[in-house]
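So this first bit is one chain, no partners, the form predicted alone, shown in structure tokens.
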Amino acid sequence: MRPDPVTAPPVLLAPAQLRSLEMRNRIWLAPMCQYMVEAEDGVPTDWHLVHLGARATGGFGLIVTEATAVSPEGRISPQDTGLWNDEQVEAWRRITRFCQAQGAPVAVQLAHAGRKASTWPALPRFSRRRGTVPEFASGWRTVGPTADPFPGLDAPDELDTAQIGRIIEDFVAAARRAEQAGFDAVELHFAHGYLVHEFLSPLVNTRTDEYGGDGPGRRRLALQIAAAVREQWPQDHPLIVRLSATDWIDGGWDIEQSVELARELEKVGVDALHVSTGGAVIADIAVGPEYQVGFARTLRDAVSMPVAAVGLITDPRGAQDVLERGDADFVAVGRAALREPGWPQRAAHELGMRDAALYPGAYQRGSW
């Protein structure tokens, strides 16, 4: 029996709230790198307005931007977006205003790529180029917890404690600019083998100072960034953390360590977790539909803050089942949203709900 569309919307389409942020449903647009800043200056362009704006008009409950670097050296590629200067603030403000006018709040994913920075964009025209972009071709020296390289990339420079302190300051400064740019939430990118995940993983972080060694040492940078951003980010705005729950290799970062970190993040004021996996090292990952959902469930059971699940969630009924089972509080849709900007609108149709509010007025004639 289909739910009454007035009194009992499917949980996937039910409204939700984080702090003062209200979302029209529980479907997030997952962050997906576009590599479309052709000027290589970190300034988002018309491409980003159209890409994110189309998903806002498509009914997503929360738009999460691609990884947006807190410094030029923190970019994954020279074509990444950034949030380290005022020109970027102005360009992002245009995008946040448009998305919000369509009913979709926007979170910026703040990131530093660490030893995986300065790489060729994952675009067809760069398909024959692999590894680190050399400095003569717009690349730069990368940094990491140690000088050990990610396979296939140049060796980074090992960060000293003063440089680590400046990176924390970069995250805080970017969060302040995020407020100026009109973002509704900040997501800190602690996943996929980028800088903070590099510090978390014992397979990468072999330091012996206060930022290495045991679990508390390896978690120190993540907690310092989260606490510093939470202090400066408006208290009524949510702070989210994207976390890789496992390295998928024995002896690496795993779900038990993720639980420890999640509990500490909650104590410093993080409002939600966005749970992914992998990326710190090369691993054999059995990728399939909903292959990461179980990690989201484990973390959700361990903390009181809500959790978003991601990872080949492509079917509306499957997404609904994830929430009904209590595996997560939100689902994030990535690659399926590249194919279908109106995925939430189709989800509503397939779940028996007619919701004109998911469509801009000009699009309602095309509603399911």
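When you see a residue number, it is the position in the sequence shown, counting from 1. What you are looking at is a predicted structure, and each value in this text was computed from that prediction instead of being measured.
Although not depicted, the form predicted in complex with a small molecule is the subject of the following passage.
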### Task
Using the partner position in the predicted bound form, report whether S118 sits within 4.5 Å of the small molecule, counting heavy atoms only.
no
### 4.5 angstroms heavy atom contact with the small molecule in the predicted bound form for G334
yes
### Message
Test of understanding: in the predicted bound form, would G61 fall inside 4.5 Å of the small molecule by heavy atoms?
### Response
no
### Query
At the 4.5 Å heavy atom threshold, is R75 in contact with the small molecule in the predicted bound form?
no
### Stretch in contact, per heavy atom within 4.5 angstroms of the small molecule in the predicted bound form, of 304-312, 39-47, 317-325, 53-61
304-312
### Message
Please identify the residue among T132, T246, Q109, Q88 with any heavy atom within 4.5 Å of the small molecule in the predicted bound form.
### Response
Q109
### Heavy atom of each of T96, A181 and H237 within 4.5 Å of the small molecule in the predicted bound form
no
